Ligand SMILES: Cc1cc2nc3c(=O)[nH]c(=O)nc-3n(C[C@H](O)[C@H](O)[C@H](O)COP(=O)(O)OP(=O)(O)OC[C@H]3O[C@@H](n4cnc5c(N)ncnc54)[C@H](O)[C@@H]3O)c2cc1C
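The chain below stands alone, shown as structure tokens; this is the form predicted on its own.
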Amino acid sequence: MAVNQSHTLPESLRESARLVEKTREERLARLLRGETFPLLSLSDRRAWLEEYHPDYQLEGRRTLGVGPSKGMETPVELADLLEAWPRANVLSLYEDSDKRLAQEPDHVTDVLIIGGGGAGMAAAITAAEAGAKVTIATKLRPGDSNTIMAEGGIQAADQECDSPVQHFLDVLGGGHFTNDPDMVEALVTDGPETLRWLEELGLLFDKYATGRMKTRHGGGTSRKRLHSCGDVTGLEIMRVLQDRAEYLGVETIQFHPAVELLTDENGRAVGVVLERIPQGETLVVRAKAVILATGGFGRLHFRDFPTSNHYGATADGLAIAYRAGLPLRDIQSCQYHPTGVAYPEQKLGLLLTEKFRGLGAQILNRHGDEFVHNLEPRDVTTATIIRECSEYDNGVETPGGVNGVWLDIPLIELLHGRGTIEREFPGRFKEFIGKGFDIRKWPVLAYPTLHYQNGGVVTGTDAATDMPGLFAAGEVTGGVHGKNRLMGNALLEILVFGRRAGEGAARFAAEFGAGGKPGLSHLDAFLEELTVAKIDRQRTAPRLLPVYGKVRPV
């Protein structure tokens, strides 16, 4: 096979990229003979996770000393956010609540949803269809979320060779059997119906000419059950959800993140406090039921990892729920996606979907050699890449000092024919070709990127929290994935539990009405704990937007 000359890689990377090309023909021949890199045994997986995965390291973690999950270990950045004072406008309301909160609220609705991503939109549709007046409050614009960035696809057991039972077993195994089995059962049982619902909304899945769904393997799955729309599955889902929500008359309040819950004298959620960014004006919203759908924490950049997350992913919902006394679970567990972009460095952390590996792209070290099976679970693959770069020094260092391994994307067209990459990955193809980098010809340098919050607020299968009137869905919650999520289950989760949250919230609003006088007494115990623990009053939460360089936090 001829060795091409790269004009898109610096000289320091070209030598290793040429080694990838040199080994490609032999690797292709092995694949055509049906030979693959061996999967690890369960004991080897465990050993590599414990030695190399960031979740299993003591570095960068500390124990919570305040709040309902006191004693739990979390990344330091998250612990500082959970053990923090409310923002200044909330403290002002707290100290003067009888006057300000006794006035007419700025907005009144039946169901208020905090967050305009996939979980929030799915909840809004279901609640509106049940007859509730629905309002979505978003930090940025409706749709600005991790959902819209999701590439690979959505899992659901709708094929003859598959079943929700098999899906259930895969989810539990992927989560190392730390999942809440009732939540997993709800997830997989609703899966096939969720696909039908999406198609009724107008979603266009990838299909064969016969109309049959195209399905792929994801890492850690025993069946092909990954359904996709090219590599823009999340974008396509958000398109149909937003269309439907708009048709149903769902209101939106954009650029207004929630900074505190409002509760009545019985401890029930009856609204929220919003803060306009960047001006800072306060909005008081009364609601008969509230749904947290605020997403995850990727923009906290634990241990300085890059992230694939959208700009607003700063764990606002966790901070608000925690000081309201709601327990969290598995928040020490983060998903580092194995293949975030390591070069070009201006795309650092951008995701290269697992679907690339599902179609045959291999992960290679600087010698062009395989060192891990393509479809190991994500946490195992991440640990293996970190080991290859650190202990074995087999990574490739970029001019900016970032380590990485190769994802040999060109192999896909040798396996599946010309045009496959452009057809299956139109988003990433256009993104790279626009920068003069042809992923049909060149491997891409990759390294684990902070991708997903595995744990979060504890809920039941009806998406209800321990606080009456408060529901939660999506990445802000914990239990479904345990300590590790499998590919494609996040999109399914936001839809399954978003819809359950919308249904439950609409029913609660209709049954129990507006509730009592709004206040902030749920903060009493937490603020006392902060005082006793001598937490610096300059430490406040939610943080709203990430901090980079010398920019002051918002």
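The first residue of the shown sequence is 1; numbering continues from there. Keep in mind that what you see is a predicted model, and the values were worked out from it rather than measured.
Another form, the form predicted together with the named molecule, is not on view; read the next lines as being about it.
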Check your understanding: Is there a non-hydrogen atom of Leu351 within 4.5 angstroms of a non-hydrogen atom of the named molecule in the predicted bound form?
Key -> yes
Point to revise | in the predicted bound form, Arg225 touching the named molecule (heavy atom, 4.5 Å) | key: no
Review point. Do Gly488 and the named molecule come within 4.5 Å of each other in the predicted bound form, heavy atoms counted?
Key: yes
Exercise for review: Could you confirm whether His451 comes within 4.5 Å of the named molecule in the predicted bound form, counting heavy atoms only?
Suggested key: yes
Study note, to complete from the structure: Checked Thr147, Thr339, Thr459, Thr263 for heavy atoms within 4.5 Å of the named molecule in the predicted bound form; positive is Thr147
**Study point:** Interface residue in the predicted bound form among Gly358, Gly118, Pro377, Gly479, criterion: non-hydrogen atom within 4.5 angstroms of the named molecule
**Key:** Gly118
Review point. Looking at 364-372, 468-476, 180-188, 209-217, which lies within 4.5 angstroms of the named molecule in the predicted bound form, counting heavy atoms?
Key: 468-476
Exercise for review: Determine the residues of 309-333 with a heavy atom within 4.5 Å of the named molecule in the predicted bound form and present them in sequence order; the list may be empty.
Suggested key: Asn309, His310, Gly312, Asp316
